[in-house]
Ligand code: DHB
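First comes one chain, alone, set out as structure tokens in the form predicted on its own.
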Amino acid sequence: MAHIVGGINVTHVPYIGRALANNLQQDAYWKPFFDGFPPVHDWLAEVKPDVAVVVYNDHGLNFFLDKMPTFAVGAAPEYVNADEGWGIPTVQPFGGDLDLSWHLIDSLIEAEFDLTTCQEMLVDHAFTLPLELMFPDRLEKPIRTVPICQNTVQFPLPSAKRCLAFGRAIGRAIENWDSDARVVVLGTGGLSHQLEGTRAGFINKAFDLEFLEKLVSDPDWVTRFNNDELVEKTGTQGIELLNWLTCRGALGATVRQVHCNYHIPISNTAAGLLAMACE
């Protein structure tokens, strides 16, 4: 059976793409953010994942407000990045893992989650940037991918409880996959931030830090909040933390924190990084 080595949660701010393209990792503005990644790179070199399952939210490249699925799973041989209008370079396509994609789709539908199945799928910065951050040598050492897109954009959104249950169903499906592959799960977005309105620029450090702690020790803690309360605490776009929760659900009951980094701000976002190993 397949083995889940752990999970990584990380921000996906588009501005990171410009920093990568312009080699600004040692720039004074960017250094505190990029300095968080070497310990995660070292851990990934140890556990050697073959496949990355990426839980993220689309920003209008693949889905728009007129058609917004709650959960969508990619089932394509490769995933192409396209210009989203941010002015960041597009990157080379990411190889898919069709066998795992269809196994996940079948298993999640059997678990009574209604999915949109995407046999063609464009991927935006929320998918590409975290993979570029985690696997900077992916062109020399390819990693197969499966994108899982959640709606964190347009209400009604899936609840924290639903996302945690979805993650747990993903984890069970991966563990029952007839493969010797080693799988890492990524959750991308957040942390607290709001891009518009009277609270534009809002960041809630206290809640972010508590969320990071509870995600490791007690992920069910997050489910005590409804989505209106989470938006109040984290900002309109901070609700992307649901992607982190789904990732955590896939990892099982007990995890070990490998590394955590929190830096504010990157652009106008609280930038978090949390790597967890499955026990």
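Just so it is clear, the structure is predicted and the values come from calculations on it, not from any experiment. Numbering starts at 1 and follows the sequence shown.
Below: the form predicted in complex with ligand DHB, not depicted.
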Non-hydrogen atom within 4.5 angstroms of ligand DHB in the predicted complex for each of F37, P130 and N261: no
Position in contact with ligand DHB when the complex is considered in the predicted complex, options A206, L139, A82, L195, heavy atoms within 4.5 Å: L195
Contact label in the predicted complex: T269 to ligand DHB, heavy atom within 4.5 Å: yes
H59 within 4.5 Å of ligand DHB in the predicted complex, heavy atoms: yes
Contact test in the predicted complex: F155 vs ligand DHB, heavy atoms, 4.5 Å: no
Residue contact check: W102 to ligand DHB in the predicted complex, 4.5 Å heavy atom: no
In the predicted complex: members of 230-255 within 4.5 Å of ligand DHB, any heavy atom: E240
